[in-house]
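The data below hold one chain only, encoded as structure tokens and taken in the form predicted on its own.
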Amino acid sequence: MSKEKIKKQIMNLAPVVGLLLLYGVFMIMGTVKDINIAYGMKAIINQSIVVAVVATGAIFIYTLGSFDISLGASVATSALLGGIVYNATGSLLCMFLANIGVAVFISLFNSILASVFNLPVFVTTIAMLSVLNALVLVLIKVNGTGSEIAVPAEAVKALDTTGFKVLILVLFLVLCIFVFNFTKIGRMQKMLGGNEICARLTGISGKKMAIIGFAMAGIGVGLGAFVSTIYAPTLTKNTASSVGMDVIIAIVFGGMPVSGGARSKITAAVIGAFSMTFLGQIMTLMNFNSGIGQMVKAVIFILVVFVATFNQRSKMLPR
């Protein structure tokens, strides 16, 4: 086996090894500090699943070499409109369909807007971030108490179980792995992310792939909004406020390059989301405040990006 292949395998295994190490450190510290480890693990799963689901769908965007900074605001908007629909109909199915429908519409609107005006995707998503944040405030003011929109806790209590949330994540993960790894959609998106000019010369439609990518991301956002509502049925302007940045960090933690391309992988979202949550819990056990915790995450984020791209800089083709 060549040195290049060995190095590639090490890079592929590094995120998994990192997750296992963080799990081990959490278990050791939890035992030493005599915390309720079972309760801690349940909290980690609850915190990780929303980010993991949203990030799994977002992989389709990031593979293209783009990113969507409005994902957190999209989750909040979808959750709030879903809550409004539930309060109007009393149906969890209608709420679920509203979550998915609103999220997919927002994602497709982003991609179409970028295609029509030929703007970089990140420009449209930055603009959409402001629009959605304003919309969240309007929805709460018009349809809520002025500070929140609440779905009755009794209505979602039966679904607020670890098993149900994990099932949603697993089903969506399987769907995304199939589309990404076993259909031509994934191959085309990797080619576009690796070198857009070459991909277009082979006949691949960048606009079509962007629309498909954003549609898949929209499904992930809708599922994330549904799970977020189940976990915290009182929806406020702070709902999913950190999801957008958490998704970016999770994808990088999971071992996927920010430039997208051939080294993109669906599993990076789940590995990264759980790694990030374990890291947060460990820092909590070490009595770090939230400010120090964010600084530590930022430093690790920069280091991971640097290591992941160091050996690729001279090999990267121009876009």
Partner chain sequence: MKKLLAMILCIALCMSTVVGCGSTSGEGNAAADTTNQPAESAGTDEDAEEQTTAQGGMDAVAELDMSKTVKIGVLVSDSTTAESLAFQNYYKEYIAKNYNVELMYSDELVDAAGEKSAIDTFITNNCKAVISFSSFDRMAQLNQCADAGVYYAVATGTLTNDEYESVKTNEYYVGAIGPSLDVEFQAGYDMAKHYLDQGKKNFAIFGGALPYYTEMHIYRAAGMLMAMVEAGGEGANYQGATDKDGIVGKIFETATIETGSIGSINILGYVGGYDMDEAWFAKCGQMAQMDGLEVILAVGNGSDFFGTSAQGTDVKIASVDAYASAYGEAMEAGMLDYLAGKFSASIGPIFAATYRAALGSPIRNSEGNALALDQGYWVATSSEQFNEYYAVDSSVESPAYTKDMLDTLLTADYAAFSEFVGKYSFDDIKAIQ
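Residue numbers count along the first chain shown, from 1. Quick caveat, the model's predicted, so the values are computed rather than measured.
The form predicted together with its partner chain exists for this protein as well; it is not shown, and the discussion that follows is about that form.
Although the partner is absent here, residue 240 sits close enough that one of its heavy atoms falls within 4.5 Å of its partner chain in the predicted bound form. Using a 4.5 Å cutoff between non-hydrogen atoms, residue 45 counts as a contact of its partner chain in the predicted bound form.
Using a 4.5 angstroms limit between non-hydrogen atoms, residue 35 touches its partner chain in the predicted bound form. Taking the partner from elsewhere, residue 87 is found to have every heavy atom lying beyond 4.5 Å of its partner chain in the predicted bound form. The chain is drawn here without its partner chain; in the predicted bound form, the stretch among 92-100, 214-222, 227-235, 78-86 whose residues come within 4.5 Å of it by any heavy atom is 227-235.
In the predicted bound form, 267, 270, 274 are the residues of 265-279 with at least one heavy atom within 4.5 Å of its partner chain, listed from first to last.
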